[in-house]
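Heads up, the chain below is alone and in the form predicted alone; it's given as structure tokens.
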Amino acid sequence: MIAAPAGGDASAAAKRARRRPFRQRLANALTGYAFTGPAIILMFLLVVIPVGYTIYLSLFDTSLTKPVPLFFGLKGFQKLFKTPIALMVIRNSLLWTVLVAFFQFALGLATALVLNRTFRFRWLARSLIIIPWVIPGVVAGMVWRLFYDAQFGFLNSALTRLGFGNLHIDWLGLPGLAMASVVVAAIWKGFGFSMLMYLAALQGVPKSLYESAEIDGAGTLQRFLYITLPSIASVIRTTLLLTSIWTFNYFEIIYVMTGGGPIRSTHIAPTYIYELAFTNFNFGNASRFAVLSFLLVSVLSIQYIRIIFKREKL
């Protein structure tokens, strides 16, 4: 017969049992910090410190011509918003973002609906449409700049051959046409991503829903409105938010094609910030505009995060 352990031995065994989970939790926590620590430090160095320093600079009148920065506080933002160029840049940024994101959505969805059907060389069509999206922005900007060139551009040459020689236009040199020209280039550059997302979502819609709707007499438009759109609505929202954030921050294609001209008519927030900081060396105004851009993009980013969390809960 085995004797029961003494009272002291029982209490020591209980203490050891309680310590073991704590040690295990501590080891797991240290392991997690060891793996995530380098990424957190890198994020702090590359994101948190630059953003904090930009916010700090936005409160001062800082430039190379003023060795001693003057503290402006929030008055610097009021002064910046009173300048016509700042208001024009904000308007251009919003117009640029809305137009590019909307037409990338419309063109991407229409192309995805076509490519979701079965036809010969569908694989080739899918591959060709993705090419503009994977091309670097600088290369795409140079291609479209040559395409729009007033003297040797393909567009004016094609118009001349078709008998419209009187429409020989400087597409990137006229303030009224320059923004429309870069918007077309940006739509061409990015709609392949939207197409890819929508095509993947369409292939996940059960075919039985379409078969049942067709038996009930639903037409093509009705099937699109009541089956296709509701089934891929979450993907549409996510893709629209992503393309809006990327478009608002897009820099390369406008900088390469127009540099913000002519007469600053194509300036958006990133190109104007670049001009303020690295051409005019006005770091205070550049920081203030960067803070404003950061706040606008944060609103879109928060909406994107909310959508992701809702999808994870489902």
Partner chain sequence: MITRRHVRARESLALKLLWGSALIAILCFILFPITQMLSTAFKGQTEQFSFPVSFLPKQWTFINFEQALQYKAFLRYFLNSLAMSSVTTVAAVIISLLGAYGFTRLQFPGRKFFLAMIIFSQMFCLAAIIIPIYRILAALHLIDSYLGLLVAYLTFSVPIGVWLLRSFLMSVPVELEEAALVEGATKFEAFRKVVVPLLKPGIGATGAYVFFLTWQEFLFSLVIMTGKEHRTLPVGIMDFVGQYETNWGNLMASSILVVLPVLVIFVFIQRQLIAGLVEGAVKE
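Residue numbers count along the first chain shown, from 1. Keep in mind it's a predicted model, so treat the numbers as computed, not measured.
What follows is about the form predicted in complex with the partner chain, which we do not show.
**Message:** Would you classify residue 157 as touching the partner chain in the predicted bound form, given a 4.5 Å non-hydrogen atom cut-off?
**Reply:** It does: once the partner chain is placed as it appears in the predicted bound form, residue 157 has a heavy atom within 4.5 Å of it.
**Request:** Give a yes/no on whether residue 170 approaches the partner chain to within 4.5 Å in the predicted bound form, heavy atoms considered.
**Result:** Residue 170 lies outside the contact set for the partner chain.
**Prompt:** Given that the partner is absent here, does residue 54 sit within 4.5 Å of the partner chain in the predicted bound form, heavy atoms only?
**Reply:** Output for residue 54 is yes: heavy atoms within 4.5 Å of the partner chain.
**Request:** Flag residue 71 as yes or no: does it have a non-hydrogen atom within 4.5 angstroms of any non-hydrogen atom of the partner chain in the predicted bound form?
**Result:** Flag for residue 71 set to no.
**Request:** Please determine, with the chain shown alone, which of 205-213, 182-190, 71-79, 92-100 has non-hydrogen atoms within 4.5 Å of the partner chain in the predicted bound form.
**Result:** Among the listed stretches, the partner-contacting one is 182-190.
**Request:** Would you confirm whether the three residues 83, 88 and 174 all fall within 4.5 Å of the partner chain in the predicted bound form, going by non-hydrogen atoms?
**Result:** No residue of the spot touches the partner chain in the predicted bound form.
**Request:** Can you tell me which bits of 283-309 touch the partner chain in the predicted bound form, meaning any heavy atom within 4.5 Å?
**Result:** Result: 283, 286, 287, 290, 293, 294, 297, 298, 301, 302, 304, 305, 308, 309.
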